[in-house]
Each structure stands twice: as C-alpha cells, then as structure tokens.
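Just one chain follows, in the form predicted on its own, and it is written as structure tokens.
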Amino acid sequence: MELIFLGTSSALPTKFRNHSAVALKAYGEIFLFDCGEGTQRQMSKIKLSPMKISKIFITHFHGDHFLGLPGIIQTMGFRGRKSPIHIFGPTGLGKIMEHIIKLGYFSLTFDIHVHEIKKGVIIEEEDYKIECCPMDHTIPNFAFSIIEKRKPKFLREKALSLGIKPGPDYGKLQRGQSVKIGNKLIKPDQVLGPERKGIKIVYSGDTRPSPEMIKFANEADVLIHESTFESKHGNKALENGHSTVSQAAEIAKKAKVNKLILTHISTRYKKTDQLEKESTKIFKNSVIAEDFMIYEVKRIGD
C-alpha cells in the first residue's frame, strides 16, 4: 500500500510544488484524492498511468483541488478507456461534471459515475470502506478516510516454510481460498493468525483546525493534513480557512495517529526545515510532504 504525493502546494503551483493531488495504490486499485491542474503531467513523470485510476475523490471546489479533472478525463478518452470511473465530491459535483464533459471536442469512451456525498460511509467493499466528514473551510470541504477491514494476520514465515512463494497465492490464502503447491493442498488456516486491525488513512483537504478531525482521524496509521502556514501566520490561516503546521501537529497528537504527513504548503516557503522543526516539536513522527514523495503505509505495530 503506497501513498504517492503528486502535488503539495497551496493555491498556486511553484517550480517545485504542483497543485494538490495524492494517489493511493491499494487493493489492486489506484485512488486519486484531489486533482489540481497539472496532475496528469505529475503522474507521467512518475510513470503512474491515469488509465489505472478507479476512483477520484474531490475535497472541495477551489480550483487548485479539481481543475485537473478536464484534462485527465479527456486523456482517458483519447487513450480509449473502457472501464468506468467513479468520482466523489460535495454537492454540485454533478453540474461541474456536466460542464467538463461538454468542454471542447473529444470522444468519451467510458462511463463516469458521479457521487455527491454526505457525511458517513460512501463506499463499502470486501476489503475496505471509505468514509467522509465535513471540515471547516471557507466553502464546503470533506475529509476522507480509507479504512481496511479487520483481517487475520498473514504468517509469511509459515507460508514460506510450506513452500509458498510470494505472489498471487498469498492473496488467495488471505481471501480464504486454498492453494495447491505440488501435490499439497494448503488451507488458509495453516498460514493465517489472529485477526488484526486494518490500516486507516485520513486525508483532510483544506480546513481550519477542527475538533471533528480529532475524532475522524482517531488512531489512524497516517494522517495527511493541510498545513499552509507556520504559527506566526495563525491569523492569516484562520481568515483563509487553513491550518498552521503546529495546529495540524496538535490534531495528530490528540487523535493518537501513528504518522503525520503535512501538505498544502504556502508558496512563501522555499525551504521547509523550519516548518518540520515546528511540527516535530509537538508531534515527533511528522514530515513535510514533497512532490513525488512515496510513503509505504504500514500498520501501527508492524
């Protein structure tokens, strides 16, 4: 399970930071959280195909979070995509998508399923569920959480001792299917241990510090939280509906998360050493995201 940071700037792109976008590779899918202008070019730089995106989640309708949608959709059509795509966002998404589909001349070769969301569970699959929760910005904004369902621990060393090599057979066993190795039939209970807590990832979008986030991100493995300004610009952050680095760190501390990744960095900061120092003073296990940073998500305690 990997988080790929495609854009980590705030309102404007810079030479080093693009508009907001984070990809998650998990469960054989690619989820895209926000899609600022230039997202597909960022994907091409890191060799991540937009054709593999299955679901897109838009936090709110400020341009730096959704204006990459027209280009990425037209690229999918140009390349002959056939599989449908699901796009989730606040009320008004349907009307925006109608305009995007009519923008310019291109052939749409696949179905687009639009989901206008409200607080609560918006997707529930066999392996995971995705929830959303309103945050405190200048316009309606949602945070998203990806919660892996509880499942038995896979005993890798036991599997290797039984002659099962890493690969598709591991997935089959984890899904409760037996596999054949030579003349031996290996049953799931031979390589599965006690049930364990699944991974939880939370992405804030733009928000002032919110008590709702503390509850929503409770014990998350990873919290990706906006941190547009340092503390001395706290009034400006509040006025514009944003959080400071230290406020995000306080939220991570109170929510008892494992890892805090700070993003949506103001263009005034060419270097982020001071921002990271401010954050780690409050919450040690935190880091400032950079464009093209890849973070492998691991369970708390693994």
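These numbers were taken from a predicted model, which means no experiment stands behind them. The first residue of the shown sequence is 1; numbering continues from there.
The form predicted together with a further copy of the same chain is left out here; the points below concern that form.
A residue is said to contact a partner when one of its heavy atoms sits within 4.5 Å of a partner heavy atom; G198 fails this definition for a further copy of the same chain in the predicted complex, lying far away. Under a 4.5 angstroms non-hydrogen atom cutoff, a further copy of the same chain in the predicted complex has L67 among its neighbouring residues.
Among heavy atoms of S243, none comes within 4.5 Å of a further copy of the same chain in the predicted complex. Heavy atoms of A11 reach within 4.5 Å of a further copy of the same chain in the predicted complex, making it an interface residue. This chain is displayed alone, yet in the predicted complex one of R175, K180, R79, K232 has a heavy atom within 4.5 Å of a further copy of the same chain; that residue is R79.
Comparing 101-109, 151-159, 188-196, 122-130 against a further copy of the same chain in the predicted complex, the single stretch with non-hydrogen atoms within 4.5 angstroms of it is 101-109. Heavy atoms of every residue among Q74, I96 and I139 are located within 4.5 Å of a further copy of the same chain in the predicted complex.
Residues of 17-31 that come within 4.5 Å of a further copy of the same chain in the predicted complex, judged by any heavy atom, are R17, N18, H19 in sequence order.
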